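First comes one chain, alone, set out as structure tokens in the form predicted on its own.
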Amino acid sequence: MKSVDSLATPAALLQPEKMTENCRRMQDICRKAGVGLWPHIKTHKTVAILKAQLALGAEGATCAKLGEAEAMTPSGVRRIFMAHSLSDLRHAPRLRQLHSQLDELILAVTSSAHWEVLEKIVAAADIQVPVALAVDTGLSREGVRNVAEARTLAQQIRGSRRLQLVALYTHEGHAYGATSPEEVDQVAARVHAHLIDVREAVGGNLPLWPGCSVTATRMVGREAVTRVRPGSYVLGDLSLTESTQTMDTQQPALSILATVVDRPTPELALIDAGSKVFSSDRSRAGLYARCVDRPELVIQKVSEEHGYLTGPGVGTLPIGTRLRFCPAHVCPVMNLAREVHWVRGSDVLETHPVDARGRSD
């Protein structure tokens, strides 16, 4: 069996027991509430991880782009919700092919302007599909901004020959701005209340599909919520453990193994993982990553190939020291990784490709 010591750095390491426990915890909460779990694969982009989620009871998967969905079909997934504004007529042949491979493909309608374009794409693909209407609940990204817009868009969809309105959905990503579990509770309550207002305005008693790891456990059990679509809960990161405090610091399953390559000053060590590994995303405290082995050591600055490691005792680290780091935001980290090593202790159990890496098409 290969040893972790034999891996070149930087390397993505995954502890499968922690990943499984994260999946099981969310699945159990959903099951007890009678809510379907459709995890967003943008976090891991890995067939082997989606297989694990499905084996534990996930009913389907959420994807952003066609490329992600196409890359996930070898997992055996039969139901996919594409939570993105599909808007390129050139995608019609691929959409038709994907539709033929699944038991259920659900698309998103994000505005009246988008509805007009999606109608043409679906017609070109010669398919009929269920759709979910996007509601902006505070992130100010996609989705109808008020009940009047919601009524108009719902009426447009219901007048379509090829689109069937089946749900309202949102991504309450602004919940990442919460600074405590109590604030998360408040955000979840406001999001749900707004969704209920829109639901009543458009009629039809549509089910609600919120989608965010921060609020997922708060949304299950609320009126009309039938599915949740969290993503990063499966692997964890500083945004969940430190910023929003919705995950324990011992729960993250993914870390980056990196090597100290230089120590230019007594207060600074450089590691071989920079923005091309951790991305440009930072935690609320301004961190790109925190050292798992020595939590007092943090990365507060990156260049493309280097992480700037600071903290008590950093000046004593010999060049060649290998350390593991929990990233600020795990989703772009996985998208930057070519493969992920499943490890237990010092052993590498398996190595899997990040199948949808770079699939932003």
Ligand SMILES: Cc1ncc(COP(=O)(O)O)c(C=O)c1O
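Start at 1 and count along the sequence shown; that's the residue number. What you see is a predicted model, and the numbers here were worked out from it, not measured in a lab.
We do not show the form predicted together with the named molecule, though everything after this point is about it.
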In the predicted bound form, is there a heavy atom of the named molecule that lies within 4.5 Å of any heavy atom of residue 171, even though the partner is absent here? yes
Decide whether residue 227 counts as a contact residue for the named molecule in the predicted bound form under a heavy atom distance cut-off of 4.5 Å. no
Using a 4.5 Å heavy atom cut-off, state whether residue 141 contacts the named molecule in the predicted bound form. yes
Taking any heavy atom pair closer than or equal to 4.5 Å as contact, tell me whether residue 255 reaches the named molecule in the predicted bound form. no
Name the stretch, out of 70-78, 205-213, 259-267, 150-158, where some heavy atom lies within 4.5 Å of the named molecule in the predicted bound form. 205-213
Using heavy atoms only and a 4.5 Å cut-off, decide whether all three of 111, 114 and 135 touch the named molecule in the predicted bound form. no
Ok, 83, 178, 188, 291: which has a heavy atom sitting within 4.5 Å of the named molecule in the predicted bound form? 83
Stretch 16-46 - residues with a heavy atom within 4.5 Å of the named molecule in the predicted bound form: 40, 42, 43
